[in-house]
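Next comes just one chain, in structure tokens: the form predicted on its own.
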């Protein structure tokens, strides 16, 4: 068979056709007749979370007018050998982001055209059309979001009990799980509420009435766990530790050995108070050694820092929609070992709305929350998940780290100090000592007027303010903040 007789498929959504598509089609035409596998409207909506700007027939009409294209056929989002067989395809041409499950010998990969993609065009168009003011949030959540996440909330009104909305929540649940665990062994339970709500749900649902939870308190959020336990009259042990230095593991082990009936160990991963990073590998080993179930508050680490729930023996992990996942505030979630989650039905509920097993059981039956969910926030979360997958969690943390390095390197040059030593730092949140003669509220207002938000410190014995480098910002935003910071301090001298 000559090359010109071969049938070559190029699969695309082509929701916004640009020169990258044309170059790919031109290159594909060198290998044979070009058949565009065009993603259907329903598949774009299901996988990308929005209706295409042009419907299938109009996108098809445009593609058929391109001289490199011989035929346009409808295809699902993910292609397999069955699709190729259906249309008698000899080769599939794709960019280097291919995720289609087909035989390697039938796959031809070309590099993507640099500097162009439909998502970027859509973001720019949204900014122009809606004139959304961009604020740089340096507070530790909610974080600065993309315009496409904001605009994902603008959807037709829908009753959240419809199957379509249940499918959206199922997508969100599965994809959130995948970031830290295998969905075959773990699952995500969604709640309408803040991060504190799901920490409360986990503590009060997972710990049996006749058992104790050992809570590591080395910051405001470890203390909050203790406050939750107090409010419910739970039996717990508070292990107080330095807010700026690692937990002394041997002392923690001694407490476990000296006390009976401890069933759970609870810890903050990245203490939002200071940026101190607790070592989950160590805590996972302790949980394994003493047969404890590990509860982790990962609000400020999830979707940035690497977490492997199975490897680190984490039974329950709590996070929310408005930090590193870069969605909107209003959805909290618990990712849990499914087998351990199912055993919670044996524990008499301490509460109603926040009962973890009841929420899980209802979702398994109907793909619904038990009570009215934050509808628009979940649409935004779906879009945020899609964008997180596009960037890659590892790449996201590299972006965050680059901003942190710009911040801390400049602070050192300026002679300013921050609480946590670099080797114990999460590179997510930095608690900075306020220079003498500076009033935080005045400084906050100075930055706020210029589009930047900073946050007060939360460690009583230290006069600090906090700067987070999460969300849809990068090192250039941090450099602009530092420029303003220098100008502000210069005006105080």
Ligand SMILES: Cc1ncc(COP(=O)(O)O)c(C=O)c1O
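Numbering follows the first chain given and starts at 1. Everything numeric here is computed off the predicted structure, so don't read it as measured data.
Keep in mind the form predicted together with the named molecule is missing from the figure; the text below concerns it.
Although the partner is absent here, residue 224 is a contact residue: one of its heavy atoms lies within 4.5 angstroms of the named molecule in the predicted complex. Taking non-hydrogen atoms only, residue 202 never approaches the named molecule to within 4.5 angstroms in the predicted complex. A residue is said to contact a partner when one of its heavy atoms sits within 4.5 Å of a partner heavy atom; residue 380 fails this definition for the named molecule in the predicted complex, lying far away. Within this chain, residue 272 lines the site of the named molecule in the predicted complex, having a heavy atom no more than 4.5 Å away. Residue 196 is the only one of 196, 217, 368, 337 with a heavy atom lying within 4.5 Å of the named molecule in the predicted complex. Note on the partner interface in the predicted complex: the residue among 277, 299, 407, 181 having a heavy atom within 4.5 angstroms of the named molecule is 299. Of the candidate stretches 187 to 195, 354 to 362, 170 to 178, 399 to 407, only 187 to 195 has residues with heavy atoms within 4.5 Å of the named molecule in the predicted complex.
In this stretch, 320 to 346, the one residue having a heavy atom within 4.5 Å of the named molecule in the predicted complex is 323; the partner itself is omitted from this view.
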